[in-house]
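One chain is shown next in structure tokens, namely the form predicted on its own.
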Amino acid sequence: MKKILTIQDISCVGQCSLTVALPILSSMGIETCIMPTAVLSTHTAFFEGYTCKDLSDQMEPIKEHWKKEKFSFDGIYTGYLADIKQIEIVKQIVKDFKKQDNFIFLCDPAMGDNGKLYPAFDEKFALEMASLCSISDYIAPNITEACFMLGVEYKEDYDEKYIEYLIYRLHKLGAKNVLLTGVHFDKKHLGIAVSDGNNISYHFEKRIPRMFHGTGDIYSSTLFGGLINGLSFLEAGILAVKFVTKAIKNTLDVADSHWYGVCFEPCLKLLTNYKYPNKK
């Protein structure tokens, strides 16, 4: 059984970050180890008065204990990181544990959306996140995150040349494989652009006209699980699109009462029953 490490926060209520990554990756048959970057009572999108405990001072001791115990991982997946210090710690963790040739490092540079950075971050943080992406095997930013990392103007309306330029620049950072989320060329569809440095492929689904928090974490967790289980980058990206779409549709009927996240749990059997190359 494959064993991976995911590094991100725990929002105790809200269906995002580690409370999403753990069930999704476990349902895909992957042993999932965690390094929490912070513990929050809820996510920060729609709740007020939430509590937050930064765990930066625990990350280094945890890493050193793992090294002493000679633990190893088949891959590392990073999500929300609280500050620049944590980015530097993650770089060292990747360096220390990326030993075997088939190791996979996926960075989801979770720091913004809709043309704006999240309130806790600034342009200096975005540049540091770009440096983490530069050592990644796979990255999965949305268009906002890509623009801030590259210093490129964010656009709501764009064409394929704009997407291709963003991908070209992201490869120039050093990332071997790039996936852009939230790509659209019309108002009826939404999807991804996937590049291995040579070819760019697109996949779209019919747009669901409602926003839900946590879909990015669900997407990246599914993407990473697909990669670990032997899917190609494009295949894993498409599986993640389909799973997120199914989870959103599953939430629509209860969206007024379940406004803080996505009801993805009843959809996990899609991932459990999927025929992965590594699980014949």
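Residue indices: 1-based, along the sequence shown. Note that the coordinates shown come from a computational prediction; the quantities given were computed from them, not determined experimentally.
The same protein has a further form, the form predicted in complex with a small molecule, not shown here; the description that follows concerns it.
For the residues 80, 148, 73, 125, the 4.5 Å heavy atom test against the small molecule in the model of the complex is passed only by 80. 44 is the sole member of 232, 44, 56, 245 with a non-hydrogen atom within 4.5 Å of the small molecule in the model of the complex. Heavy atoms within 4.5 Å of the small molecule in the model of the complex are found in one stretch of 248 to 256, 212 to 220, 61 to 69, 234 to 242, which is 212 to 220. Mapping the unseen interface onto this chain, residue 103 falls outside it, with no heavy atom inside 4.5 Å of the small molecule in the model of the complex. In the model of the complex, the small molecule stays beyond 4.5 Å of every heavy atom belonging to residue 21. When contacts are judged by a 4.5 Å heavy atom cut-off, residue 228 does not count as touching the small molecule in the model of the complex. In the model of the complex, residue 30 stays away from the small molecule, with no heavy atom inside 4.5 Å.
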